[in-house]
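We begin with a single chain expressed as structure tokens, specifically the form predicted alone.
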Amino acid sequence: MVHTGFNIIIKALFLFRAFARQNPDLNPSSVVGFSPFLGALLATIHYCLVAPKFRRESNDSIDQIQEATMSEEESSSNSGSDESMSEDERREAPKNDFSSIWDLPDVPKGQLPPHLTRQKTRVFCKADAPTHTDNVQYSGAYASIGVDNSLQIDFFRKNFRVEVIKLDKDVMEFDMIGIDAAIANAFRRILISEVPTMAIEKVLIANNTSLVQDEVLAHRLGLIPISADPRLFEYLSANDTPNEKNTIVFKLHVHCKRGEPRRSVYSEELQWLPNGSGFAKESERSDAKSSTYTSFNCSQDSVPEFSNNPIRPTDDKIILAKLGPGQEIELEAHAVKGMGKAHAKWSPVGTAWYRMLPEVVLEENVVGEDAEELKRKCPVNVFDIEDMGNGKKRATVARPRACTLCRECIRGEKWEKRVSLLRVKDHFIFTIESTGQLPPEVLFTEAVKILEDKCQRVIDELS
């Protein structure tokens, strides 16, 4: 019904246009208090829906109006040019395929028109602001033209893919294709705040005569990334005793002798204690047996993962403090398992971010001096010059992925119509920068597992 009504409105507009041309002296106030547009629209809807039996009888008159309108347009646009047209040109001139307004083609069913497809899948980046940034989520958004917009799991499985573009020790760049922005953002948030790591939580300071206050020194120690796989450890709750399964102990004891120059204290001077704490707890009873702040049943270096790869900071040259002559620092630091949503020191990434794939389109050929100007306008060399021979040059889009959306190429009236900047809504360039505790590909795998567990919990609650 919506589809039929849409076609009726289109035909009403055509009828009114022809009627207005035949009646140039029409008084707008004469159509029952409405404008001529509304009057003709309502009359046509009534004509099409309420009185269908009169449709065939009036087709002849409508055809006469249409033919008169078309002949008037042709005579006004082609006056003075008919004499110059040859017989072949007249024969090749385009002809209309319909003889009545009722023969106008309907909106195609079963597929989106090209302009709607482009609006659905692309963000248009204009000189002032982007447009068509929203995603069409409603399943019946295109029901009037027979297009099902609901999420189909088979379609998602067929089109979703991940392509790794760059991978090294700490950085991974990959493309996620065929996915919604909400899912991409879910991975980003999980990577930042929900993938667990090991970080220093408790600092026992025996002596600190440096200029760095105890609280500041403890905070700096907490931000040092620890090279230890958190999957091998358990969480430490308030009622648990620190042991070899939930705690990592480091010792730092440095001093600057008198007469020596000032020295820096680096993270490489943190010494791992695989047997646990070496500081004895203070006891109110003098005859009580001394105990330490941890209770290790075995040495952590007996674990195969740690025997060949001892636990240490990921970077050896992180400055913790600077000591002057006669100053000293002695402390013990305990690292536990945690997540970034509790404190940023447990975040496994320096940053995790994504952006939509850029798409740069030249709407028309840019040649000659304009091609050189366009190439100079882009600061990241998205465009290149193609030699077409005979001294002709043409601008081409050589590196669209490098586009940063600075909009320099569309500044100016003539350029905004010649260059289109787009973003693909379901194609994301994802970058993960690890702090070194886990490789970036492992971090993304852990993020997928966490999202899977969240989905499973929702399914269990609903069932």
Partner chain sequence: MEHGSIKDPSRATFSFVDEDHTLANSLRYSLNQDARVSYCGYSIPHPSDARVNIRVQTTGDPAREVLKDACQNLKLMCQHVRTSFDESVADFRNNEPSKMETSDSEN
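Numbering follows the first chain given and starts at 1. Please read all numbers here as calculations on a predicted model, not as lab measurements.
Below, we turn to the form predicted in complex with the partner chain, even though it does not appear here.
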Tell me, out of F296, W346, W272, F187, which residue has a non-hydrogen atom within 4.5 angstroms of the partner chain in the predicted bound form. F187
Could you tell me which one of K257, K166, R231, R262 places a heavy atom within 4.5 Å of the partner chain in the predicted bound form? K166
Hey, with the partner chain in the predicted bound form, do A127, W353 and R401 all fall inside the 4.5 Å heavy atom range? no
Heavy atom contact within 4.5 Å of the partner chain in the predicted bound form, the stretch among 187-195, 328-336, 383-391, 307-315: 187-195
Indicate whether the partner chain has at least one heavy atom within 4.5 Å of a heavy atom of D240 in the predicted bound form. no
Closest heavy atom of L211 to the partner chain in the predicted bound form, within 4.5 Å or not? no
R157 near the partner chain in the predicted bound form, any heavy atom under 4.5 Å? yes
Non-hydrogen atom contact S144 with the partner chain in the predicted bound form at 4.5 angstroms: no
Going through 426-463, which residues have a heavy atom within 4.5 Å of the partner chain in the predicted bound form? Please give them in sequence order. E441, F444, T445, V448, K449, L451, E452, K454, C455, Q456, R457, V458, I459, E461, L462, S463
